[in-house]
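Provided below as structure tokens are two forms of one protein chain, presented individually as structure 1 and structure 2.
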Structure 1
């Protein structure tokens, strides 16, 4: 995520139209950011493993190219379809934290690269996009399906926050989950791996039975990306390459009818505190 954030920031430094906030220039800039970010991330994916950077191919689709640039080959079409579906589900989601961040930055009439850089920083947090990576860390800690029930019950006894569950808006289930759960199952079948699905189902059942808290979309995407072969710290950067579209649409809309976003805080702390003079401290 640090690489994604820095890459978009550097793109702002290099883009000749950074300061032009006209609708046409903004459309050109977001297309460039959308195209370049996966290339930058895939280059980092390979270079940190000491592997040669791979250029994208014109004849491949967006998702096929991402696999190709990371792994040097395109997987079977059902895996690519599952990846495509995850990107579509991640693309836009109204006023979530990172989108609100992008809108707020834009509202001061700052530039689009800055707004997306700020949005990436916001998405990184485990209570937002970072949750898909945390889900995988949890599944790795659980290790085997036989451990899942004991592990999750203990976490709830300890009052731990369980990543990939709960949502500020969806209180009775995230509408994106059934679709992503289906594609997680398809990928698990292709990869002949039942372990993560079993852990998934057990943890979900205990969360609903004990807390009435349902999974959010990060719960199925985490193990799906793992089965596709991505390193865990790439799950949230994958979210970035998709959400760039949603952020961009919001930024352009914000600029079209801009008003500075400046909330007031309602102070409810101490009414008055006596401050002793410096010489008496």
Structure 2
């Protein structure tokens, strides 16, 4: 996430149109950010493993190129389709924290690179992004399907936070989950690995039965990315390359009828506070 944030910031430093907030210039910049960010992330993915950086190919699609730049090959078309679907589901999601951050930065008439950099910084926070990574960490702790029921029941007894469940907006289930769950199953079948599906189903059932809390989209997405071969700490950066589209749409909309976003704070402390003299401090 630090690499994603820094890469977009550097793009703003190098882009000759950074200061131009006109609709046409912003659209050109959006396309450059959308195109360059996955290239930068894939280059980092390779370099940290000591492997040669791979340049994108024009004949490949967006998702095909990301796989190619990370792994040096394009996988089964159904896996590419599953990745496409995940990006579509992640692309835009109304007024979440990172989107609100982007719009707030934009409302001061700052540049689009700065707004997206701020959005990435917001998404980096574990209370917003990172749930798909935590889901995978949880599944790795469970290790095998026969451990799942005992593990999740113990977690609930201890009042531990179970990542990948619940949503501030969707109280009765995330509408994106059924689609992502379907593609999780397809990828698991291709990879001939049913372990995570079995863990998934057991944990989901216990969470619904005991807490009436349903999965959010991060729950099926985490193990799907794992089966695709991505490192766990790369799941949220993948989120970034998708959500750039949603953030950009909000930024452009904000600028079209802009008004400075300036919330007020209501002080609820003591009415009178005694100030100590300097000599007594």
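The term rigid core refers to the most C-alpha atoms you can superpose between the two forms while keeping them within 1.5 Å. Positions refer to the first chain, counted from 1. Predicted model only: the values in this text are computed from it and were never measured.
Engineer: Report the structure number, 1 or 2, for the form predicted in complex with coenzyme A.
Structural biologist: Of the two, structure 1 is the form predicted in complex with coenzyme A.
Engineer: If you line up the core, does residue 257 shift 2 angstroms or more at its C-alpha between structure 1 and structure 2?
Structural biologist: No, the C-alpha position differs by under 2 Å between structure 1 and structure 2.
Engineer: Once both forms are fitted on the core, what is the Cα shift for residue 271 between structure 1 and structure 2 in Å?
Structural biologist: Between its two positions, the C-alpha of residue 271 lies 3.7 Å apart after core fitting.
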